[in-house]
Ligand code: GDG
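Here you get one chain, nothing else, as structure tokens; it is the form predicted alone.
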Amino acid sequence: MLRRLVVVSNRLPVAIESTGKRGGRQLRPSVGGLVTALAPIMEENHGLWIGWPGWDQEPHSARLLQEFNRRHAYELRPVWLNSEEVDGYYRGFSNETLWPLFHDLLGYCKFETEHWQAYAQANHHFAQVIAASLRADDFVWVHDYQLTLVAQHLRAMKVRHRLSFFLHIPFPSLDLFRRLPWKQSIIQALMEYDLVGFQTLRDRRNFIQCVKGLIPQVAIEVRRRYSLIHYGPRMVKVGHFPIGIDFEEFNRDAQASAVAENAQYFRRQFGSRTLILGVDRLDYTKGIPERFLAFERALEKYPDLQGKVSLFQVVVPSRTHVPYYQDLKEILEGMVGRINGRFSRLGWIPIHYMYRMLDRVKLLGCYRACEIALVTPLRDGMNLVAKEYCTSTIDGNGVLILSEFAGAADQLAKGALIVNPYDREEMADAIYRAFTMELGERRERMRVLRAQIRRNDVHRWVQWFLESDRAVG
């Protein structure tokens, strides 16, 4: 790739942490598929990554970023935001308006004019940093729902570069999107990008329907892999590019001796029982209460499960300052207590609940130790936990129960047990089916899942997206 890649995201691909010494701090690379996939490309073409560092501007912070830039072949450039901007733009409009709306959970939405204004201002701030950083041949790739307005601000600044955008979360239907008071502003702003990418075909179709419904004068060409939107002199290419994980890295790490030891230790704690795993960020989109109720129903409907299966649920703390999330944590803890109080017997507890983040070795150990994974979000852009679990199940003895409303269901339907997370009976039946499934069927299903994930890994996703921009039309 000859052009410099300029990646723009809400957060930079680093986090700041204490060194353990008084006042000492250092940068730690963020963990995630996007960083893993993009870092080599950024190094290769001396790219630029623009984003909010996640902390306040101060001389020490700026010095840490400068040290990173000296040590690496690509550069980080911060967008400094003050606490008021973060409250309105990120915690407010991004996470209390767009996040629930785009996940089909209208009841959680807040429509505050002040938050919208802060969102627009922050997007303008990002655009200023981008415009001041660009070279003539740069390829600009903007990521996710926090930055939908950036291209519009750049066009107003006379930036004529090709601009691309990828949405990592779902895109809502026209009926739902119409509820947003600023729908016209956002859809018009997205039309200023040259390439707009989504996780699934359904998201791409939803976007096209919203464009047609809100901008009637457009002309649409629908093709197999993408659609072309003709809007006056502009042509916008719209495609779906399902994101993957780094299969080879997860597969290799899952075979490490430390992971094997962790998995063995974990198994010893539960004896011969079948372990069902749930790993989720604390979020109302993940369907954890519905999962607990389905597991309870499975114990009622299939009494032979009692004493033979345990659900090990890991909840990773998230947005703890938001009342909805505080309430959800209390609800989950109450449900665990009630279900365990109802079914527990000497030597067996139905649900083991852990509210913390697991390090990579322990997480991979859990993946390897658990014979069933319950990945049942109410709505998800992709859900990479499903792919991580399958990739880490190196012995093939695992069953994936997957929500039909996760983007991953489009790719993994042939090997997973697909369920509606709102259907308690169907979920309970799937748990029992997974518990009683013969080893041969388990291994064949897992073989299909792992082959699909290997074929469509995160590196292919990056290559596919970047190449899609080269041939428009």
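Residue indices: 1-based, along the sequence shown. Every value quoted in this text rests on a predicted model; they were computed, and no experiment measured them.
There is also a form predicted in complex with this ligand; it is not shown, and the following applies to it.
Engineer: Using 4.5 Å between non-hydrogen atoms, is residue 192 touching this ligand in the model of the complex?
Structural biologist: No - in the model of the complex, heavy atoms of residue 192 and this ligand never come within 4.5 Å of each other.
Engineer: Could you confirm whether residue 367 comes within 4.5 Å of this ligand in the model of the complex, counting heavy atoms only?
Structural biologist: Flag for residue 367 set to yes.
Engineer: Using a 4.5 Å heavy atom cut-off, state whether residue 109 contacts this ligand in the model of the complex.
Structural biologist: Heavy-atom contact with this ligand at 4.5 Å: absent for residue 109.
Engineer: With the partner left out here, check for me: in the model of the complex, does some heavy atom of residue 91 sit within 4.5 Å of this ligand?
Structural biologist: Residue 91: no, not in contact with this ligand in the model of the complex.
Engineer: For the spot marked by 99, 279 and 383, is every residue within 4.5 Å of this ligand in the model of the complex through some heavy atom?
Structural biologist: Per the other structure, all of 99, 279 and 383 touch this ligand.
Engineer: Which one of 135, 360, 338, 212 is close to this ligand in the model of the complex, taking close to mean a heavy atom within 4.5 Å?
Structural biologist: Spelling it out, the residue with a heavy atom inside the cut-off is 360.
Engineer: Among 329, 161, 168, 202, which has any heavy atom within 4.5 Å of this ligand in the model of the complex?
Structural biologist: The option sitting close enough to the partner is 168.
Engineer: Just to confirm the contact call: exactly one of 76-84, 351-359, 115-123, 229-237 touches this ligand in the model of the complex at a 4.5 Å heavy atom cutoff, so which is it?
Structural biologist: Result of the contact check: 351-359.
Engineer: Check each residue of 210-248 against this ligand in the model of the complex and list those with a heavy atom within 4.5 Å, in sequence order.
Structural biologist: Sequence-ordered list has one entry, 243.
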